[in-house]
Structures are given as C-alpha cells and as structure tokens.
Ligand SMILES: Cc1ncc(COP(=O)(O)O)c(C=O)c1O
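As a starting point, one isolated chain is supplied in structure tokens, in the form predicted on its own.
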Amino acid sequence: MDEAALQRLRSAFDPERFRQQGHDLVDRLADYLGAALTRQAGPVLPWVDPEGQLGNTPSISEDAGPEVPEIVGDLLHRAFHLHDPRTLGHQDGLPVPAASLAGLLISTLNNDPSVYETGPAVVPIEVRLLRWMCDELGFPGDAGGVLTGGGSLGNLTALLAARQAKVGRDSWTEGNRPGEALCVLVSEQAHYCVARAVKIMGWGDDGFVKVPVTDDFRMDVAALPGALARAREAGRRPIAVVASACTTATGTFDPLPEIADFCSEHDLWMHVDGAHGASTVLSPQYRSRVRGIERADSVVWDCHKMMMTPAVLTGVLFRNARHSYDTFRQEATYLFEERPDEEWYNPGNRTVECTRSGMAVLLYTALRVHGIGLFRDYVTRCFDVARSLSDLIDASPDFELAVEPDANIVCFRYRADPGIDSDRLQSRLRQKLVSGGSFYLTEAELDGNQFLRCTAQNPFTGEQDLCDLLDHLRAEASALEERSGTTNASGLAQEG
C-alpha cells in the first residue's frame, strides 16, 4: 500500500476530525429536535415522489466528497419528521435522546454480543434487560429470552421454539417429516409476519388456520374449538395459538386469559405477538389490557415501538428459558462450547442472527438514565392521547369510529355525503394531508371498508393538534365533495 492510501485511512480515523464533526452533529440534531417538537421543522413529510427523491440523492463516487455535516444537513432537510406532534402514522417510536446517544456509542465500539468474548460489556447488559422485561410481564424466575432484530424475526424464533417443544422430537435437526402437517391457530387480524414465519418453516398456506374475530376485531375464543377441529379434520396437527396484543390495524387486544385456558386444555403452545402492545404492562392505568400475558409460553416485545428506542430492538421472551436454548442446536466449535444451555453468556446460539449489534445498550442506557417511571408515563400518555382523539370523534357527527380504542391506535372515517364513494374519499383525504405536509396518518381496510388510522406515538401531541386534524379532514372532504358533485360518485374516483 502506498503512503497516500495509508494517509487516507489515517485521516478517516482521525480522532480530532471525529470530535469536531461529532460536536457539529450533536448541535445540528439538538436544533432539529427542538424545531421538530415545536412544529418548526417544516412539513411533517416534505413530500417528493420516489423517482424525484432518487434523483435528488447523489451517487457514490470513487473520490472523497462532502464532509459529514453537509450530508447531515441534506438528510435532515428531506427527512420524515417523526418528532413532529402531528405525526400520527405508523408504529414508529419516538426515540428518547439518551438512547440515540447510546446508539453512537455502540456503533463506535461495534462489539458483537453474539458471544461473550466479543461483547464482554454488552452481554451482561442484555441479560439484565431481558430479566427486567420478563419481570414486567409477570414471568417466573426461570424465564429468559434473547434480543433480535425486529418482530418478524422474533415471531419466527418463538414459533421455532414452539415446534421444537411440541413435536416430541428434535425437529431442528431432523426437519419436517414427510406427512407431518403442522399448523398454528391465528386470528384473522394477526400480523402478516406470522404467516411469513409459518411459510419460512415450510408449512405452506395451510400452516396457519385463521380464527374469526368479533365485531371489535378480537379473536373470537368461541370459534377456537371449531378452528381446532377444522385443522385436525384436514389432517393438520395444531401445535400453538398465536394471540395478538395488540393487533396492528386497530390496536385491539385478544382475550388472553381465555386463550390461555384453551391452550392449557388442549396442550397447545401459547404465543403472544406483543410487538406493539407488550409495553402496556408498564402502565398502571392500562395494564389490565394484557391480563393473562404472564401465562404465555412466549412473547415478542418490540422496544422500538413503545419504549422510545431507535429501531430495531425486539425481545423474544420465554416463560421457561430452556426453550430458548432448545430452539437452535448447532455445532460451531469456533464460537460455542458443547453445552448451549449452560452458555447464557453466548446469546448467538439462541438467535437466527450470528453477528448482532449491541442493541440492548440503547434501552438499558435510557432506563438507567431516566428510570422506569418515564416509560410508564410515556405508554400511559400515548394511550391517553388516543382516547382523547376517540372522544373528539365520538362527539363529531361527521366522523365515525371503527372501534373504541384499546391502545394508542384509532381507526375512523369521515361520513361521506350520499352518492360519494366513501372508501375512495378516505384514501384521498389521507393523500391530501400527507402530500400537503400538515399531518401524517395511515389507513386500514376493515371488513371491506376503508378507514383512516392514527397511531399516537408522540407524547407531545395535544388536543389542539387533534382538533386541527379533524378540521383539516373536514376542509379537504368538503373541497373533494364539492369538486366531485354530491351525487356523482365516479367524479371523486377520477379526481386527482
């Protein structure tokens, strides 16, 4: 290597350069945070179509280009402003700054906690964090789990554990036997990643048997015996029930105690997809929503949704920690010893991933800095904001709720005039608000009808923001209806 190349490497790792750019980065992010929280960062989403945004993104060059501050400034200018109180869309958590700073720490250290030797400071933190999560769920002292990158991997990991525990043999080593048709029972409102996990496991479309839901979108426990019988009559062997706490579309919690009773009666594994709603255990006011979660065999808990942690950080928690060791039995003598159940300090033998980030440090740091009370306040506040929006909708004759909210998710629709395509109207209303940058919200199809959908993730969203949201929707609806003609449904479909 010539001297010029070596000098480029030295310059890239120069501590003083890092210090100067780090100070600048924190200053810029602090200014941005202050602006976004007070709605002064510009439109919630500075809308540019995907092709245009790609055209605005510089290509990568062989030669050195701009310094970090210039790249940061450009990204902040074009970013989606999650911290804006009028962001009411996806289940993207609001990262607390202490966790964000911890992210810089783990990115710089880049210690891999898959094995203790490469993550000696991080592995004990992960163990402490998982123990705390199990305690909050109400799991016994021999509970345990692992951290993984997202709810989809988490649900897959839990279902692999269910298979290993329930088939009566080492399915990890032997695989799926010919003629062995396994399946799980899931709500019609279950997240799509459950079906994805089942298909990854090789069970196909018939590997998940859908259980009908009630009018308020909860799993209909009365329909579980019928679903079990249908599966068996079709030659399938059910091994688990997947409950939602809560559903993604409506934020509705399945009746966990009754599902636990059913699983106990029929010797089925009870898995709770608590990706969004497991954090409810922290709120004294709303904890009853997840009563019965302590009886689950496994729970998935996404901390990047309702724990103010940057994405992604998911706990896969087992009421009996042994199941986390049984899921993956694999020899890798260059990493692990011979007894994985005794190697609590090598989490990599219990996850799909090999190399992982020190993600536990993000939430652990925030909990240590602020205490658990801050997180209890956060969950309660977000649920309260959703209840406030629900109350405003109930009091507004021109809007209707899909269902009373259980969590911090609210689905509702504007009542269209006769002759107007109501489903099309809801979608156009969302497009108008999002492209205009005044608010960000999503939509959901429920029972064949289109609804607007808000998720209250920002604790600083106030009642005035919610009133303004409804007023903006009214104004846009009036303009669209006037343009289309109140008796011409096709006009709205052609507009825009």
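Residue positions are given as counts along the sequence shown, with the first one as 1. Predicted model, so just to flag it, every value in this text is computed and none were measured.
Although it is not shown, the form predicted in complex with the ligand is what the next lines describe.
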property	result
In the model of the complex, the residue from 152, 100, 111, 283 that sits within 4.5 Å of the ligand by heavy atoms	152
Listed residue (259, 411, 275, 385) with a non-hydrogen atom within 4.5 angstroms of the ligand in the model of the complex	275
Partner-proximal stretch of 134-142, 118-126, 261-269, 297-305 relative to the ligand in the model of the complex, 4.5 angstroms, heavy atom	297-305
Site test, 91, 193 and 246 vs the ligand in the model of the complex, non-hydrogen atom cutoff 4.5 Å	yes
